[in-house]
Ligand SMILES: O=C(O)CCC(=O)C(=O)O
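Next up: a single chain in structure tokens, the form predicted on its own.
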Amino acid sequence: MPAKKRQNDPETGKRSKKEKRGELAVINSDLRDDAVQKGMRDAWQRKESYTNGKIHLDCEPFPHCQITHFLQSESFVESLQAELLQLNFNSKSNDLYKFQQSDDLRERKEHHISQIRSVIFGEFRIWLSEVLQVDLEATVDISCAKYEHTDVLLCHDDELEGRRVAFILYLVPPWEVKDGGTLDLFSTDEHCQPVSVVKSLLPCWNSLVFFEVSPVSFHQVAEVLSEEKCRLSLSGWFHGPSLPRPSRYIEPPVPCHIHIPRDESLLFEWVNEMYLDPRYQARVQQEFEESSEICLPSFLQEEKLRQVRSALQSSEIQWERKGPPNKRCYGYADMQSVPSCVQECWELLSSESFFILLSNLTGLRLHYLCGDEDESENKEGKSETENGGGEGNTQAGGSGTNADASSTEKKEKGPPTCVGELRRWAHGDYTLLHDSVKREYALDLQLHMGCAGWKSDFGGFTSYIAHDEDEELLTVYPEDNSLALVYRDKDTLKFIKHINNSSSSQLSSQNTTAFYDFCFNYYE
């Protein structure tokens, strides 16, 4: 009976609620051990591994440390998780990532958020400064992220002015490898470019991972494959003096080539006759000049399409992986290994007659026989547009007269050229925007195959954006046997969105694991 009275005592109830509200964030006591601090400091300086209790330091492929049971109180961690889940989250999606993120947590007043912020900004920052022998600033970036089914953060190095140490505190349910969402660490080559994932850290409840931000700290959050679990975490950066960065590696340019000599009989064998009609070509050109982009459905003749689609499944084709993963990840064909009909399709897109066809469809000067007689007329049109005719255009390359302007700019550069590849797109593939991308005037061509029934939610679409802006100008979705033409100017960039796990069922229903595209760039 006395025990029962104590349970019902309102004063006791008030005290327990107050104690829970006032619960303090206390970090793992191992971190306060002088021997642990010295062991960590010495190992970090020598770039060696170190393990003591709940602390695991590894310096390969770059220095990182995992601290399990980071906070001593389980009830505090549970209450912190509950507070964080009550926040407003913003959906974030671009070439590099797709997930949900809270606003910056530096000003939040909730008790448990304030407590964890105080510990990370204070005691833990001081401990890190001592271990790393680096003066870390009092200002710390911190936010909360939610990764759910198909969310991902692709390969990057975290380098930004002032960032010195990245940290992630996991607040996840029991997690398995099959759930995805691992923190993947990449090896690097002699140019400090990422090569492949060599270590994956599984998210674990109340564990904290930190790593040194450097020119080789390439990592990713693998796609979350679980449809039920939420990968909740607190993450941010400690600021301090940046590590020296080597000169930026510039990839060697892919060589372009002029058209190959093939007569117009190749067009009549392969291309839908509708697109060979001069009157229809004039209509297409008018539309293209207004918007700088067009999609031409049913482009190849059906019999040729069936031959190529079937041949693309051949085991004889040697598919290579194209990287590095901080810029791109997809398969491309060794053209020496492709069946004859695939080679013929390639030759079609590289042929002199196809250059002429593209000139007729777009109005661009891709052959010496096309466009010269209209030069003075184009100049007049350019003048009119500069006086206001191009207002309101939001397509990838601006108005068609911008293409004419670029033609004049490039007129003395030699004969029209092209460069192309045959690509294979499967789950996990993508391309990213990057600083070293060549900014240029070009006509982009994509001819998709094997993607019937493709949905935008799967990714795999090509997104055109304005340089230094988030505004999306144009999206080209994979469409079977559709020829997409987009004129791209120097201020327009493009990427292909990461293909997520949702695509697997669609591809398997067609007894394949991938779709394909012929991708060419043409230059006046």
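Keep in mind that what you see is a predicted model, and the values were worked out from it rather than measured. The numbering used is simple: start at 1 and walk along the sequence shown.
The following text describes the form predicted in complex with the ligand, which does not appear among the structures shown.
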Q. Any of the heavy atoms of T362 lying within 4.5 Å of the ligand in the predicted complex?
A. no
Q | Contact label in the predicted complex: S292 to the ligand, heavy atom within 4.5 Å | A | no
Q) Applying a 4.5 Å heavy atom distance criterion, does D158 contact the ligand in the predicted complex? A) yes
Q) Hey, in the predicted complex, is V221 touching the ligand, heavy atoms inside 4.5 Å? A) yes
Q) in the predicted complex, which of the stretches 416-424, 150-158, 129-137, 172-180 has residues with heavy atoms within 4.5 Å of the ligand? A) 150-158
Q | Of W237, F121, W270, Y275, the one that lies within 4.5 Å of the ligand in the predicted complex (heavy atoms) | A | W237
(Q) Using a 4.5 Å heavy atom cut-off, which residue among I317, L349, L296, I168 comes into contact with the ligand in the predicted complex? (A) I168
Q) Does anything in 431-448 come within 4.5 Å of the ligand in the predicted complex by heavy atoms, and if so which residues, in order? A) none
